[in-house]
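Consider the single chain below, provided in structure tokens and representing the form predicted on its own.
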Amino acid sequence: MTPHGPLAEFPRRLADIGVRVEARESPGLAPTQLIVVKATDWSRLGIEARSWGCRWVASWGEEVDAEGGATIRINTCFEHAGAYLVARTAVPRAAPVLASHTTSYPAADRPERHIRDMLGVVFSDHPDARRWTRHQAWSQSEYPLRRDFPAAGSPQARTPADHQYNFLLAQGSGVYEIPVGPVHAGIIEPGHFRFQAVGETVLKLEERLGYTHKGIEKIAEGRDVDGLARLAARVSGDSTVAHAWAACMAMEKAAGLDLPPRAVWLRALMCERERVANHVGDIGAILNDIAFAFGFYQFARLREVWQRASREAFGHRFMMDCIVPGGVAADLDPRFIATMRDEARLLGQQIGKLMAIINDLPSVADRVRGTGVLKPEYAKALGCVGYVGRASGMDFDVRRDAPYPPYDKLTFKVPVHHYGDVNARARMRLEEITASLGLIEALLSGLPPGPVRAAWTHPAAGAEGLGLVEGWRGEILSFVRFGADGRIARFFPRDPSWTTWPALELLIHDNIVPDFPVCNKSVNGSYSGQDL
């Protein structure tokens, strides 16, 4: 593969400063470039990538065999102007020490801690030595993603409490602490929030997540392709379509499989329906958190009607397990095409009427304008994507900037705002709904004929693939490596929530404590999505 795009010159720049770069061929990663650097140059790689203007996307590790014995391979993905690059290095399993990218990219903080917890890699200059993923579920000498660790582990009768986790404290007269969670009053998943406040003003918020750890990466090992697709669909239940699509895309690229056009158009149709359902539900939930019950009920009603239509057309309200390796599980009955067009048109009209009421209420505007501002420089530093990033000026959308079928044949508007407050994030959802309704019309009108699934062919052992999909929260990355007999050797999914959860900690500063629920809902990170 010949490097191209805005990142094509980056390896040459590294070589110019004395970093030895080896370009590798990996068809399943295409068009993403793959380079290999020495572990001793890993820090310089991060520094140069930042100075080049690259966005840090994800890091993941895996244990592999090498001539000198078992090693831990570390991969980091960067993006610049729609072009992607994966940088790779390796450290010996016996002494896995590597420089951290956190000093160059704050977004690398928790992912590197996750790699340390799961594989035992010590990031020598990482600013935070606290556990992130594992809490107290296994000992400090056990690393679940190493090959000698059993998937079932060795669970204790009762997992010890994680009471020794040292939250960072704010100091000063009148400062007090508010612990919230991990168990909440509603049906949301568990997550702990530790506030430092003076009066009602929040000085600092620190999150402690990881209570929904499912062992996704470990239990993916040894699965067949259908089993991995089902597992990916459960990384984050509200993004079941997007995660399944990204995982299937990665597997299909590794296998060199071409999909029937009708299959990818149906995938996009489901993904846009998923986007609309979640944005509609979120707008209602934001209104609920400012005590505007009428708006909450109305948007919840619209979401439910929309999801029931998805069940009628695809067999499941969330369209779970509808995306399978090689295509989709079932075709769309022609009788639903006209129904979906009418439904989309009606939804747009009803949302317009509701927003005319909501926009006329000063009490609503007072709660969302200027509340929870995520400054553009913070969004850029964290690499925020999706509606959180675009509400703070980060103009990036995988569908447009790194287009994949069928979006490479569709035209649509990607909304962007710059105020970065709750109101901007709500407006992002509204405008994305409008764009998605237009895409749904285009997808239904242009739906090509033909089969909806291609026959699967097992890739060779060692084949790898990278899937990139714009989910409703933003960019989703999935990496897959195959082992023998067409079984999965490594699966890593990166949900956008890895970057949006840290954003919540920043945007709540100098807001009042009662505004936390609406700030939190305006971000709506997935607990499950960032906790593999």
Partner chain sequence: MLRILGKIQRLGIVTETRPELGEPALTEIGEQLKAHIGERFGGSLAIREVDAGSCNGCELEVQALNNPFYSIERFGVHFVASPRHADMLLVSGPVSRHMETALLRTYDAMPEPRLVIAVGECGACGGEFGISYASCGAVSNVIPVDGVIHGCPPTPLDLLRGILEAIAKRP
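Numbering follows the first chain given and starts at 1. Quantities reported herein were computed from a predicted structural model and do not represent experimental measurements.
What comes next is about the form predicted in complex with its partner chain, which is not displayed.
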> Counting only non-hydrogen atoms and a 4.5 angstroms cut-off, does residue 308 reach its partner chain in the model of the complex?
Replying inline: yes
> Is there a heavy atom of residue 155 no more than 4.5 Å from a heavy atom of its partner chain in the model of the complex?
Replying inline: yes
> Is there any non-hydrogen atom of residue 284 lying within 4.5 Å of its partner chain in the model of the complex?
Replying inline: no
> Using heavy atoms and a 4.5 Å limit, would one call residue 304 a contact residue for its partner chain in the model of the complex?
Replying inline: yes
>> At 4.5 Å between heavy atoms, only one of the stretches 263-271, 437-445, 69-77, 225-233 reaches its partner chain in the model of the complex; which one is it?
In response: 225-233
>> Counting heavy atoms only and using a 4.5 Å cut-off, do 159, 184 and 219 all touch its partner chain in the model of the complex?
In response: yes
>> Quick check on this chain: which one of 405, 92, 215, 256 has a heavy atom within 4.5 Å of its partner chain in the model of the complex?
In response: 215
> Considering 97, 346, 291, 356, which brings a non-hydrogen atom within 4.5 Å of its partner chain in the model of the complex?
Replying inline: 356
> Can you name the residues of 433-455 that have a non-hydrogen atom within 4.5 angstroms of its partner chain in the model of the complex?
Replying inline: none
